[in-house]
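Before any questions on binding or motion, here is one chain by itself as structure tokens, the form predicted alone.
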Amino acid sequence: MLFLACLIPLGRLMWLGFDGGLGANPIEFITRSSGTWTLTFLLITLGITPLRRLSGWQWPLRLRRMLGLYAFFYACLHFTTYLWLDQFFDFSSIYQDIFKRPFITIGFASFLLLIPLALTSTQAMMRRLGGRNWQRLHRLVYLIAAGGVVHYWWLVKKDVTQPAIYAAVLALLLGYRLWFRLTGGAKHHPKS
């Protein structure tokens, strides 16, 4: 059920595309929508551990990998939209964008950091890397999520309400982790 629910944003984009509902600038609409869903799935994924610790439920842990892979899927859609529909594979222009426009620089860096997390998301890769090394690598998700929020904030020129909401949710999730670590909560709860 969750797998299908995670496809709803893509289905909505396809429906709006066929129905002419993508607005005056369809490329911008797709780019913004896919970027928003990337951030949403990243934050939902980061919310799994606090949910487990606060509720005692173990079942959300089984969903975390799929949610993380959906974050990567929507990040790929976001990047592909920029690469193909916005820039038409003009690598010279893309190269200039990456180094001249800070919001693209940080967005591109965050996307690159997300790739090894997706590639090492399998049980086989976890065993190959070893649990401790795998955990260290996957802590990059905090940096990636922060980079995604900054990317969005710097993109928006006037009304920063939405990026501010994402920033507040991320601050809450990271603040909870910090509080948990500093107060010694990790001694009384299983590792995640």
Partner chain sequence: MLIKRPSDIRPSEITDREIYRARRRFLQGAPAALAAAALPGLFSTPALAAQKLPGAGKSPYSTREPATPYKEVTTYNNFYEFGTDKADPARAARTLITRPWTVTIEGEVKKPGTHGIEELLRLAPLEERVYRLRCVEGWSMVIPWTGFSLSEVIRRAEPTGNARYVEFVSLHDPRQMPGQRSGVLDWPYVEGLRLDEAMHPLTLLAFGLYGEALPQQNGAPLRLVVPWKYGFKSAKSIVKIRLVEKPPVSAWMRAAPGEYGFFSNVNPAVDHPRWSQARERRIGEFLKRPTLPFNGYGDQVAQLYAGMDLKKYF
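Numbering follows the first chain given and starts at 1. These numbers come from a predicted model, not from an experiment.
Keep in mind that the form predicted in complex with the partner chain is missing from the display, and what follows is about it.
- For residue 85, a non-hydrogen atom is located within 4.5 Å of the partner chain in the predicted bound form, even though that partner is not displayed.
- Although the partner is absent here, residue 156 lies within 4.5 Å of the partner chain in the predicted bound form, judged by heavy atoms.
- Interface residue remark: residue 27 is counted as part of the site for the partner chain in the predicted bound form, having a heavy atom within 4.5 Å.
- In the predicted bound form, at least one heavy atom of residue 103 sits within 4.5 Å of a heavy atom of the partner chain.
- The stretch in contact with the partner chain in the predicted bound form, judged by heavy atoms within 4.5 Å, is 157 to 165, chosen from 61 to 69, 157 to 165, 42 to 50, 137 to 145.
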